[in-house]
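Next up: just one chain, as structure tokens, the form predicted alone.
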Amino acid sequence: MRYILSILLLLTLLTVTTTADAGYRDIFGKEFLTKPWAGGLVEESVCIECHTSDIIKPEFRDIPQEWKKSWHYHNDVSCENCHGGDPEDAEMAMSPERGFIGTPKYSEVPEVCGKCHIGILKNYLESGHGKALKASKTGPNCVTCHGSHNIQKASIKIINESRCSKCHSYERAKIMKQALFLTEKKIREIDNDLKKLRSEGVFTDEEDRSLFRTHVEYRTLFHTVNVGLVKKSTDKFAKKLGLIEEKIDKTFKELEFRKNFSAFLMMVFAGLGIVIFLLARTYKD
């Protein structure tokens, strides 16, 4: 009897151990092997987990990677900011109760983007592009020019023949690009100068904010697609950018003066050192 009980006890222990071991392997496989710990932690959300899984349609699997290359990603704009829903709750992720709208209708895209880009939406709706969308429901919307997920920082490079000629001739768009060129060039130059100052340890927050505000206003105007208005506003933007440029030039001159003054002081101290050394030798002699 004791022998039989011992065998039953041993079998029970083996069964528990095997079950526990199987559970451990499942947890290990799910929580460790399937996660890229070696490559650093990544953002986890229901949206990303679903869109990178085998259950999603193949045409939707590249969306997370496209988004991670985008200007939105680098500015902490995530899936729920555009599509709504709850990225932390699998059951409610796609619930209208949590504001989920999914893929907006083509004609509704500007309103979705306009939740953040308010000034741009106003100008767009009053532009030829916006009026065409309202009239036909098929005119150009935000996605037509900027794409949907791999959205990059805007520049006048977006105005090009291959993109614009899909809807109309490139001539008018080319005139618009030429009107914007000088302002765009000045913005890039100032941005580069600010980067140089920051690399020298100079605090440039005030200039950064001024440039950002001017750039946003400029981008907003851009969406009117009104060549006459852009040309008319060029002087206004030139003055605003000129004021920022004056501050930057002043800072560069001050920085150069400090460097030269420091070099001068070093030369003075080095000269004094040599004089003291020679006097000391003369005194000994």
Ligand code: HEC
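Residues carry their position along the shown sequence, with the first being 1. Keep in mind that what you see is a predicted model, and the values were worked out from it rather than measured. Each form is matched to the other, and the largest set of C-alpha atoms that superpose within 1.5 Å is called the rigid core.
The following text describes the form predicted in complex with the ligand, which does not appear among the structures shown.
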Within 4.5 Å of the ligand in the predicted bound form, do we find a heavy atom from each of Tyr106, His117 and Cys167?
-> yes
Is there a non-hydrogen atom of Ile244 within 4.5 angstroms of a non-hydrogen atom of the ligand in the predicted bound form?
-> no
Look up in the predicted bound form whether Phe60 has a non-hydrogen atom within 4.5 angstroms of the ligand, and give yes or no.
-> yes
Find out whether any non-hydrogen atom of Ser148 is located within 4.5 angstroms of the ligand in the predicted bound form, and reply yes or no.
-> yes
is_contact(Thr204, the ligand) in the predicted bound form, heavy atom dist at most 4.5 Å = no
Hey, which residues along 104-140 are within 4.5 angstroms of the ligand in the predicted bound form, non-hydrogen atoms only?
-> Pro104, Tyr106, Val109, Pro110, Val112, Cys113, Lys115, Cys116, His117, Ile120, Leu121, Tyr124, Gly128, His129, Ala132, Thr138, Gly139, Pro140
Is there a C-alpha shift of 2 Å or more at Cys79 between the shown form and the other one once the rigid core is superposed?
-> yes
By the 2 angstroms cut-off, has the C-alpha of Ile56 moved between the shown form and the other one once the rigid core is superposed?
-> yes
Classify Lys122 as shifted (yes) or not shifted (no) between the shown form and the other one, where shifted means its C-alpha moves by 2 Å or more with the rigid core superposed.
-> no
